[in-house]
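One chain comes next, on its own, written as structure tokens: the form predicted alone.
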Amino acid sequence: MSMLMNNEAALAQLSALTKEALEEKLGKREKAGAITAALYNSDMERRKDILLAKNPAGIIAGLCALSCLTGAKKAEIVSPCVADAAVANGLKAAAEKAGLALTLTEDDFVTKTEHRSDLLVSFEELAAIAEKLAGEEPKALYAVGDGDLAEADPAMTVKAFLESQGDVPEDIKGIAVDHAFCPAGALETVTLGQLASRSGVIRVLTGKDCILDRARKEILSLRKKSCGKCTFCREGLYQLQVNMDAVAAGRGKTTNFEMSQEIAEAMLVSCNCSLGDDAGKPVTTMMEYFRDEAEAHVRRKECKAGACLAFLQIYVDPAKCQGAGECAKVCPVDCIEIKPGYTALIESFDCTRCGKCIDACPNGAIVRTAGKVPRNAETAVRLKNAAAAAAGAADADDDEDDGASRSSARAGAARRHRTLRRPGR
């Protein structure tokens, strides 16, 4: 049986199992007022919501088993997916068949303080319980990037799983999972079971990914979803974003990292839900595994991946520029100077590094770099064909002047000739 298939066999097993038999299969559980099933608040991917649609019988079987073990009288499923009629009907039908009092709540966030007496479980946990009820050993659910969830042996290494899902980039430097980072060197030894991902989504990081920029994005996504009721989560995420933004903007100091790490470590043990638990991980794992790359933004004013715009420079390669002027036409801040007969010149202070000029240049003369701008690109250079063009224009002017003079001389001679022939004069 697959966790991604409707496990009706597990639902059928429930009627024949006593509480003692369930404890033998699943272990003992503490008493609870209700069972609340939802994804973790920190799970922004929400890929495991698919279990509600594909395995409603397994989800209900898991809820029924836990209700029996804990003495819970109610069960609730919290997910935006229950707004879908097909999903809701599948869950209700399975609950009715099992005699379970079920409540469906359309939401993507569970406030832990409102469920103090409840047992909070994930959809994957319920599907895994159903597998055990059916006599199967549950697998781990994982996906790479935007791919579909797949079942895998929890003992499989992360690297082996990545290879099983497709080609692994040669320049892989690590992975991002559940707002945390893991270096490439550890992927050969860390298993999927040890990774214990809540979302199950592994995103591969390569040389094109800036670890600081990625940490900033993780912090921002967590901050957007935070309910704000927990002081450490609310204020901590705000301060982390301020510090990381300062570094990415080129205004950072090493103290930004020191303060951020201290805040992040405090958040790991001071928050009230999974979102707060994971909120400090972008910083703590960045500093643990990718410290040199992060601190390069401060110590060397360098972004190796070229993702942080404050550390990029855009300049015109004088060897390729033909003075076409297309770059100046698309510049949104009018910071490109075009002088006839000279190469284009970009004013770096006003440049926003948007890159529109790069796409517009027909000669590929505009370069974006994370290094220094070559000296010959700091001033406008006279185009190679400018002198010839100027000389040609001058010759044309001279020819025009000579032609005009000759025409004037001929006209004068004709007037004199007519005058000499007039009688009486």
Partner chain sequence: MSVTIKIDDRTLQVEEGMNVLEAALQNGIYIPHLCHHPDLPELGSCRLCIVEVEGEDGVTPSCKLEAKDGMVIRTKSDQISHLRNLSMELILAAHPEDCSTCPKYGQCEMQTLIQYMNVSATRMNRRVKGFKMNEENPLIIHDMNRCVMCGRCVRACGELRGVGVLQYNKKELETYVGTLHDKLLKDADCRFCGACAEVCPTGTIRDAMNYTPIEKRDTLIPCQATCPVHTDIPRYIRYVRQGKYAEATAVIHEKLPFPECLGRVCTRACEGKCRRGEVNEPVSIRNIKRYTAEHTDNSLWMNKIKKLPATGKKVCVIGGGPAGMTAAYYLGKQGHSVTLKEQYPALGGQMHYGIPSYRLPRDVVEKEAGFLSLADVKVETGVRVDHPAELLSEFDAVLVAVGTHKGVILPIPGSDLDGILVNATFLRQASMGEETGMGKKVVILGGGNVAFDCARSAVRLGAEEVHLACLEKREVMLADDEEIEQATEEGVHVHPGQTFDQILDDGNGHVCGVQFSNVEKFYFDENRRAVTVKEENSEHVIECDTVIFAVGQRIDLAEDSGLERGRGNSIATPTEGSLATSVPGIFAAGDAVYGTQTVIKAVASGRDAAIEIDKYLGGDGDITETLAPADTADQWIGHIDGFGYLERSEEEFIAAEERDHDFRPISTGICDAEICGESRRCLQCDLRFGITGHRLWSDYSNDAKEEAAI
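Just so it is clear, the structure is predicted and the values come from calculations on it, not from any experiment. Numbering follows the first chain given and starts at 1.
One more form of this protein should be noted, the form predicted in complex with the partner chain, which is absent from this view; the next part is about it.
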Consider residue 263 of the chain shown here, and say whether it contacts the partner chain in the model of the complex, taking contact as heavy atoms within 4.5 Å. yes
Is residue 236 close to the partner chain in the model of the complex, meaning a heavy atom pair under 4.5 Å apart or at it? yes
Considering only heavy atoms, tell me if residue 355 and the partner chain come within 4.5 Å of each other in the model of the complex. no
Looking in the model of the complex, any heavy atom of residue 220 within 4.5 Å of the partner chain? yes
Partner-facing stretch of 280 to 288, 171 to 179, 110 to 118, 336 to 344, counted where any non-hydrogen atom is within 4.5 angstroms of the partner chain in the model of the complex: 110 to 118
Which listed residue (155, 269, 83, 101) meets the criterion of a heavy atom within 4.5 Å of the partner chain in the model of the complex? 269
Go through 186, 230, 88, 134 and name the one with a heavy atom inside 4.5 Å of the partner chain in the model of the complex. 230
